[in-house]
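For this one, two forms of the same chain are given in C-alpha cells, first as structure 1 and then as structure 2.
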Structure 1
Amino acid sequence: MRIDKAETAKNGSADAAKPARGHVHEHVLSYMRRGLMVGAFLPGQVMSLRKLAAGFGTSPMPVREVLSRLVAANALEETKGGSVRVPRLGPEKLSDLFAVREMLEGMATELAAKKATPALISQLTAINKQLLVAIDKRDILNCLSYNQKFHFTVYEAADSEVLMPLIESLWLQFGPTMYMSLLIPSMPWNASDHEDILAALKDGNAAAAKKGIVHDIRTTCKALLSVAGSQGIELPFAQGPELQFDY
C-alpha cells in the first residue's frame, strides 16, 4: 500500500471518509500497543517509519510520535542508527522483568481484592471461560488477548493511576517474546491459576489472590526461560500475522 501524493496533499477537498480529525496518532498507538502484546511484531524486528506510515495510510508524522512514546515506555529500543526495533530479551532481563511483574501485579491484585465486587467476579469468570476456549483451540491470538484481558481487568479494579501504566509498560516489553514462546510446541498453555484467583476474590482473601497471581507469573516465567534456554527462539517469519481477533 502506498501513499498517494495527490490524495493526501489535498485532503481538504473531498474524501469524506476521513473521520481522523487530529487524533490519528491515538489510533496508531492503540493499534501498536495491542499488536505488541498479541504478536503482530516480533523480537528483533526493526520498524521502518515510512513503511509503517504507508501501512496506516498516513504521513510519517503520527507514527514518529507513537514510536517515540513506545521507546519511552521501553516497549521498543533505538538502534545506533536511530531506527527503532522490538527488543530481544535475554534470560537475565526476562527474569528481571518477571520479578518486577510479581511485585507490581501482586500489589495491584491485593488492592483489587479489597475492592472486588460481584460484577467484577462474574466479568472475570466470563473472560476466563473464553480464554479456556482459546487455549483448547490453540488460538494464540485470542489466548494472549483473553489472558491479557483477565489480568488487566483485575489490575484495573485496583484503581491505581500509578500502577496501571507501569504494568502496561512491562506487558509491552515481554509481549513479543511471549508470543514467540507460544509458537514452540513444548510450551505449556494453561490458566490453572486463574481459578484459584477467582476463588480468592470470591472469598475476599486478598493474600490468596496475590499469591495466585504471583504463582501465575512465576510459572509463566519458568516456562519462558526453559524454552528460551533450550532453543534460541529464532523463527522463520519476518513479520507477525494479521492483527485479527475477536476481543
Structure 2
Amino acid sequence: MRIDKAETAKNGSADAAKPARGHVHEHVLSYMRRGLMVGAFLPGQVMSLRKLAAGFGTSPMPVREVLSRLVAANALEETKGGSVRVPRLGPEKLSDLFAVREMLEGMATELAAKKATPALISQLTAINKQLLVAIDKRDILNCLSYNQKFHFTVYEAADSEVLMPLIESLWLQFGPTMYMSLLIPSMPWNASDHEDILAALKDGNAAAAKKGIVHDIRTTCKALLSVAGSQGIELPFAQGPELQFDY
C-alpha cells in the first residue's frame, strides 16, 4: 500500500486542530459562564462579538457558538435587532428565581452540613476571610468572586449530581444582578450569614446551616426588589467601573 505523506501530514494537522478548537470553545464558555454567575456582566449589557473575540484572541466563531448556547440556557437573550445581551430581570422573575434558589440551595446546604468535614470547614473559613478582606477594601469584583466561591464550595460538598446543574442554571440567570446588590444602601454586605453557616457546620447543625443560606438568599432578593422597576434594574442605578474578569 502506498502512503501519501503529504496527505497524512494534512490529515494529521486537521486532527490536531480539532482539540485546539474544542479547547478554545470550552475556555470561552467557562469564562462567560463564570462571568455571568459572579456578576461580572451587567443586566442589559450587550455582548460585543468583536470585543469578546479580540479579548480571547480568537475568531468570532467560537464566541458566537458560546453566545448561542447561553441564549438557549436563558442566561442571555437575543434582541429584535439580532444582538445578544444580558437580560434585565423584572420583579416577578427575580422573585421566582430566588424562591427556587431557597429550595435548591437550602437543600444542598442541608446535605452538605450532614457530610461536613474539618477540611471543608477550613476551606470555607479561608474563602470567607478573603471575602471579608475584599469587602473591607471595597473590591467589588473580588467580593462577587469570593461570595460565589463560598456558596458553590458548600453546594458541591452536598455531592449531588442533580442539584449542582440546577443551581448553576439559576446563578447564570440571576448572577448579573449581584453587582447591583453591592450598590444598594440597604444591602448588608458583611458576610454575617456566612459566619452563621460556618458556625452551624462546625456544630453539625444541618437545619441551622440551611436557615443561614436561606436568610442570605432572601436578604439579597429583598434588596434587589427594592430597586427593581417593572423592566428590571436599570443600568443608571449601577454606575460603576467597566468590569474586566481575568481567569
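It should be emphasised that the depicted structure is a prediction, and the values quoted were computed from it without experimental measurement. Basically, rigid core = biggest C-alpha set you can superpose within 1.5 Å across the two forms. Residue numbering: sequential along structure 1, first residue numbered 1.
Here, the chain labelled structure 1 is taken from the form predicted in complex with a further copy of the same chain. Among 221, 53, 188, 107, the residue lying at the hinge where one rigid part turns against the other between the two structures is 188. The interdomain rotation between the two structures, with the chain split into two rigid parts and fitted on C-alpha atoms, amounts to 17°. Structural comparison between the two structures after rigid-core fitting shows the C-alpha of residue 184 displaced 4.9 Å.
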